[in-house]
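So here's one chain in two forms, each on its own in structure tokens, numbered structure 1 and structure 2.
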Structure 1
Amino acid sequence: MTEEDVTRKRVREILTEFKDHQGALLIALLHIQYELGYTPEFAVEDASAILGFSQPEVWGVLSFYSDFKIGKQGDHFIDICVDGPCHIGGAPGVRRALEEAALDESNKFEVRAISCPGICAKAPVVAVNMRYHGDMTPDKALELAAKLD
């Protein structure tokens, strides 16, 4: 079996597991997202077949909630909160520094702007591969980024 076959088998298992659950569509898709770290495109077809929703309905849910990342993702992510307290705390500067660094080919990470994760008291915050770091400055963020390889 190829890697994709293994993933697909697992996706179908998860979908089947939640089949009789109330409100199954969102919960099953979130389960797939959080287990794999992304949502494969074939999940739409499978969710439609197994849970009995039309494909547009499945796409509707996937595109609505910000948790879902469609398709295989890169190795590393630096998420930066861009909302109110982080914004006035200096997030734009941190974001600019990270985005410039991400252009450098030797750096293998992607910068994503995210919505408030509720760590406003430690603004601005970034999350390196889902681990949060508070009281960010451009220098500290670049230091964290330099540790990734």
Structure 2
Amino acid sequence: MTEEDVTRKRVREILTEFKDHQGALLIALLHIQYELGYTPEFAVEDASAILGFSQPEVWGVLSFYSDFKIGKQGDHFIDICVDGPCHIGGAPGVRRALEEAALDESNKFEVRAISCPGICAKAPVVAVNMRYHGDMTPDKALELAAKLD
């Protein structure tokens, strides 16, 4: 049995616990989110089949509430400011380098664009697991990413 098979089995077990409860979609999806740390995309199809909601209704709940993370997330997060000073300072090149590296790292880290953290004098800025680093270059960013375990 693959990891995805095990996860899907657990998702179906959780959904089945809420099968005969009126209006249980939100709470069932929250249970999945809390247990797994994310909501697998196949949960939409499974919730629709088990709980009797349409797939657009399930997607509507998942996309309306910002707490839901759809799909497995990276083990670490590298946020890069994409606002004016960071953009001018070279953030697009840093972002490209990190995104290319993330493709090769299989969920080791996820690159996210953020808005200004307020340290423009150090632009461009990245945050590795919410620790900020300034005066970033593509090479420096890749060095930070390589240190993640």
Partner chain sequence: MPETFTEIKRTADATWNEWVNNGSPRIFVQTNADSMASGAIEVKEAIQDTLDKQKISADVTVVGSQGMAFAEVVVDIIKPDKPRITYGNVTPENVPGLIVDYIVKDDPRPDLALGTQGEGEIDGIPLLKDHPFWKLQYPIVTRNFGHIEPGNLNHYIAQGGYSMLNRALEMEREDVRKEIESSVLRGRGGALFPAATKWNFMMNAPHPKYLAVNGEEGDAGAFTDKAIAENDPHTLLEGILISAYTMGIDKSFVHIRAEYLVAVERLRRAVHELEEANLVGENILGTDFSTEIEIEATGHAYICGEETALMDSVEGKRGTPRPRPPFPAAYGIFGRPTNINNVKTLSYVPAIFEHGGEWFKSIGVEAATGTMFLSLSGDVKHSGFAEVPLGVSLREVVEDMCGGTKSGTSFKGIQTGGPLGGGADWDSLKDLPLEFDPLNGLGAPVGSGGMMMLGQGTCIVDLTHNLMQFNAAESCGKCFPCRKGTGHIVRTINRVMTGLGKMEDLDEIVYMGDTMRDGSLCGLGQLAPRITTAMLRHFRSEWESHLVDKTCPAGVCGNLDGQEITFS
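One-based numbering along structure 1's sequence throughout. These numbers come from a predicted model, not from an experiment.
Working through the pair one at a time, identify the form predicted on its own and give its number.
It is the second structure (the form predicted on its own) rather than the first.
Option at the hinge, rigid-body rotation between the two structures, list Asp75, Gly118, Leu30, Glu57:
The hinge residue here is Asp75.
Return the inter-part rotation between the two structures: the angle in whole degrees by which the smaller rigid part turns against the larger, from C-alpha superpositions.
61 degrees is the angle the smaller part turns through.
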